[in-house]
Every structure is written in C-alpha cells, then in structure tokens.
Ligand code: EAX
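Quick setup: one chain, the form predicted on its own, written in structure tokens, and binding and motion questions come after.
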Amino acid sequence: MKLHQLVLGMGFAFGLMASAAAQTTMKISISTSQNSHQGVAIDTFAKEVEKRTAGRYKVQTFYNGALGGERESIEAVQLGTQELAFSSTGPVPNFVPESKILDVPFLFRDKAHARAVLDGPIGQELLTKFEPKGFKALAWAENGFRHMTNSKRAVNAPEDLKGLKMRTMENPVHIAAYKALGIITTPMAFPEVFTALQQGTVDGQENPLSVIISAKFDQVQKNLSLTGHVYSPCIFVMNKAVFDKLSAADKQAFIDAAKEGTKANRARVDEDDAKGVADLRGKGMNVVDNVDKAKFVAALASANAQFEKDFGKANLDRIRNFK
C-alpha cells in the first residue's frame, strides 16, 4: 500500500470516527415561523451548541408547530421523547406552577425591568423549580409584551373588550385576568389560531408584535391595541435526564448556547417592536397606540386581589420593585 493511500485510508477512518462521535442529534421546536424572534433564538442556539461542542452535538430545528403546539412539545421534553423545546410561558404553569407569577398582568414596567428580573436572582431561582418536574431550564428568553387584536372594533378602554371572544393561551393566570375584563376566553394551541381567526371562531387574540407580524395576523385582524397588558417570557427547556448525562463542559456549552440564543432573540424583539407598528399600519391595521393603561389596571382589581392571595403580595412586590 502506498503511503498516500495509507494516509488517505487513515484520514477516512478518522473521519468516520469523528462523524460517529457527531451522531448525537437532538431536536428543538417552536410554534412560530423560522423568520421570527423565536426562530432566531433556536437557530442561534443550534449553531452555538454545534460550535461549542466541536460538532459532537447537533440540534435539529423545527418550526410552525411541526412537532405539535407548545404544550405538546414541553410534554414531549418532560417524557423524554424530545430533548429540547423553546416555548413561551403560556402552557408552562401546567408543568411548573411556580412560573405562574410571571404571567400576572402589568407586573413589569418595561422590557428592561423584565429582563433584569429574569436574568437576576428571581429568574435564576425560578429556573431551579423546573428540575423536580423532569426539566433542565437552560435560560429565560423573550416573547415580548402582549397586545390585543380583533376583527370587531377598536379597543381604547377595558369596556370595549366586553363580549369579545378571544383566543387565550392555555394559561390559568391569563384566563382569570381576561375574564375579569369581560372577555369570552377561548384557550387554544397557537398553531390553530390563524384558522380560528380566519373562520371567525374567535374575534381576536393577544400576542407580542413579534408574533402578530410573523404569524401574519394582519391578514385576519383589523384592529390592534397596544395594551402591553402582560409581559410574556420564553424559555429553553431540556429533558433533565439527557442534560444530566452530559459532561460538565458540555452542560456549560448548552447553557451558554441558550444565553446566546436569548441575546439574539431579545435583539429581534427590540427590532420588531421598533418597526412593528408602522409595518402593521402599512398592512392596513387600525392601531390604537394611546391606550389608557390605568383603566385596564383598575378593571383588573378583582383579579389582582386573587393573584395577591395566590402568589403572596411580598413575592409580587419583590418583582415589581426590582431594580
């Protein structure tokens, strides 16, 4: 055998060994489209995992609810039939009740406040609550401040919401709050929402601008009100048993990759928020951008009293007053 053949052969054998080592493929999924703040999050995460583990781990990305809605994908991660998921916190309280507190309306002043809370001790404490439930929560990311859209009328004040049939997330806190505003709540998984709006099964929905834009809700909704009523986080979750099997260095690689995914995700939310209103107006939506938030807060007094009972006023104040 000539030397160059031997070298080629050895190179080929090493290549095979390397590709055998790179065969650990994991799946991650989102309910929204790839061209969205959530798509950017998982694409960045996948790229960073591969880079930080020298190609030993590859993350396959799935979009548009291809592996099911958010609730199903979180369930799949808990059961271990899927390694990873990226989800808004909509369905998360059904698995980790402690996370419910983040969904209380008008809890956060702005994005900077929300990000500081999630990146600080409160958010990090909450991440640990996922572990007894079979998850490793890698990082908090962002969905954004939620706004209301509907096909019936402009919403300037809470009384304009009475009797509107709105799709809500499968989230107990949201449902309680929206009922207090007189909304007829219709919980459903995100992949079903566009068709439900199109067919008039529901009059409206509420989501951050990033979601409204990427889901093309302007095609089936006439009115948008910038209520900013709930800040909606997202989260990277991993099956705990899968995470626990990783080496210490690889565990850190996955956590750091999730942090990079969060950075890219938040940057995209900022970009969507900055240009979103003009974009949606340009597509023919009627946008109410001077909503009287104080009226909405007042209309939620009964729901808020219940939330203070459920979560403890001190816990809510710890978040509200976080600097």
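Please read all numbers here as calculations on a predicted model, not as lab measurements. In case it trips you up, residue 1 is the first one in the sequence shown, and so on.
Another form exists, predicted in complex with the named molecule; not displayed. Remarks below refer to it.
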*Select, from the options 58-66, 277-285, 264-272, 29-37, the stretch whose residues sit within 4.5 angstroms of the named molecule in the predicted complex by heavy atom distance.*
29-37
*in the predicted complex, does each residue in the set Thr149, Asp203 and Ser225 place a non-hydrogen atom within 4.5 angstroms of the named molecule?*
no
*Contact residue in the predicted complex, chosen from Phe190, Tyr231, Tyr178, Trp140 - any heavy atom within 4.5 Å of the named molecule*: Phe190
*Go through Ile235, Leu102, Val211, Ile74 and name the one with a heavy atom inside 4.5 Å of the named molecule in the predicted complex.*
Val211
*Might Arg167 be said to contact the named molecule in the predicted complex, defining contact as any heavy atom within 4.5 Å?*
yes
*asked:* Using a 4.5 Å heavy atom cutoff, which residues in 84-99 contact the named molecule in the predicted complex? It's fine if the answer is none.
replied: Ser88
